[in-house]
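Just one chain is shown here, as structure tokens, and it is the form predicted alone.
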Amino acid sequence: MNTIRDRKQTPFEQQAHSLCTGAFATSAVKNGSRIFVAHGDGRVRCLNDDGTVDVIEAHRGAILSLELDPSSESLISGGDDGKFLEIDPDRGTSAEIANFGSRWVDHVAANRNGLRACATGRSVHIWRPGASKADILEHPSSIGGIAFGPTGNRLAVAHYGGATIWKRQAKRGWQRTLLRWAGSHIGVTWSPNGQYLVSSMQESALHGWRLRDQSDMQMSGYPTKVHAWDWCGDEPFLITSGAAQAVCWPFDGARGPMGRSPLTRGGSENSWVTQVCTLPGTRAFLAGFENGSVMLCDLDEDGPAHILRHATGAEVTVLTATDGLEMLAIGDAEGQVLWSRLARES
């Protein structure tokens, strides 16, 4: 295994804490000044500023998804053991919300109103506060991704043939709006203002809808599938993986990216961008690459990017910064995790 201590290091690497878990880093969430990283060995690791790590035993198998529940400050997770769990980050314990047996829990989501959702197969299960059982929403094919809208009253679901937006009416229950586009949709995200919905596709492209009139937006030209994205800036750009540089689509104005070209930032020789992470309150973002390198980029600067981590040979699979920019964490396919305060990097 290639470790950061065996090669030339950046100032960020020299100051950072390092942990080698031997387990693929699958996802991560931030909560206050802490970062929680999920791994393929079923454990969630809490990274602390002082370099210590708290380990939470969660799933018997790989953790496939991890999210923060903003209504309770707990974590929710799904795994290939068929379990949907609630994790108490302070006590370091987990409790079972549901068990689907041999069916994987691929995607989870929560909103500020106390709704919790998970996807398994073609079904989304939603738990409402005070309800005795989950609501079950069926779809035409296996689900590629789920996401609550910015206000929390709508849930978007990606699947074959497009995306479905669900909204619950007090007397009529869950009502659907189907957004059609041919192909397999494998992820979904809302613009911060809730005016656009964007999906990633198996066909190595993005597709978007302007929701007020359901206008279609095609964002193509990617050499590989887009697996990571994040929104950056007050007049937001959607920063995406899937190419040799981070591809940044403008979503300001009435037409968003329609008829406009994206910006591109960063770039590592002979390597695709695999992860992106914006720095809240700025127009800067981080791009992680297949070769293990990580770069600090800026929407307003089209020059050479600042290298935070040199190439290691292990794909960057997790890249997260806390909202207050207290800490940044990097995780990779070989199970190495690197974290440090951003403020120490000059």
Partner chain sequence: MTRKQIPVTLLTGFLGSGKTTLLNRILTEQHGRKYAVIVNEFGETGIDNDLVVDVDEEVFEMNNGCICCTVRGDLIRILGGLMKRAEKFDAIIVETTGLADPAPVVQTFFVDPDVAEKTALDAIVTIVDAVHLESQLDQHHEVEEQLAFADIVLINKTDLIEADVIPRIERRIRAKNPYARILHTTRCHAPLDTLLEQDAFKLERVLEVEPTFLEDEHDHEHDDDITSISLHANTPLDPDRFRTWFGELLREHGQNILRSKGILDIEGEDERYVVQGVHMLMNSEHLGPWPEASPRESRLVFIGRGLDDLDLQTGFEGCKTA
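Everything numeric here is computed off the predicted structure, so don't read it as measured data. Positions refer to the first chain, counted from 1.
Unshown form predicted together with its partner chain; subsequent notes refer to it.
Undergrad: Name the single residue among 255, 112, 122, 167 that comes within 4.5 Å of its partner chain in the model of the complex, judging by heavy atoms.
TA: Exactly one listed residue reaches within 4.5 Å, namely 122.
Undergrad: Tell me, which of 128, 260, 176, 227 has a heavy atom within 4.5 angstroms of its partner chain in the model of the complex?
TA: By the 4.5 Å heavy-atom cutoff, the listed residue in contact is 227.
Undergrad: With heavy atoms only and a cut-off of 4.5 Å, decide whether residue 24 touches its partner chain in the model of the complex.
TA: Yes, residue 24 is a contact residue.
Undergrad: Hey, in the model of the complex, is residue 61 touching its partner chain, heavy atoms inside 4.5 Å?
TA: It does: once its partner chain is placed as it appears in the model of the complex, residue 61 has a heavy atom within 4.5 Å of it.
Undergrad: With the partner left out of view, is residue 67 within 4.5 angstroms of its partner chain in the model of the complex by any non-hydrogen atom?
TA: Judged by the heavy-atom cut-off of 4.5 Å, residue 67 is well away from its partner chain in the model of the complex.
Undergrad: Looking in the model of the complex, any heavy atom of residue 221 within 4.5 Å of its partner chain?
TA: No, residue 221 sits far enough from its partner chain in the model of the complex that none of its heavy atoms falls within 4.5 Å.
Undergrad: Counting only non-hydrogen atoms, choose the one of 83-91, 209-217, 261-269, 180-188 that falls within 4.5 Å of its partner chain in the model of the complex.
TA: Careful reading of the contacts points to 180-188.
Undergrad: Across 74-107, which residues bring a heavy atom to within 4.5 Å of its partner chain in the model of the complex?
TA: Counting only heavy atoms within 4.5 Å of its partner chain in the model of the complex, the contacting residues of 74-107 are 80, 102, 103, 104, 106.
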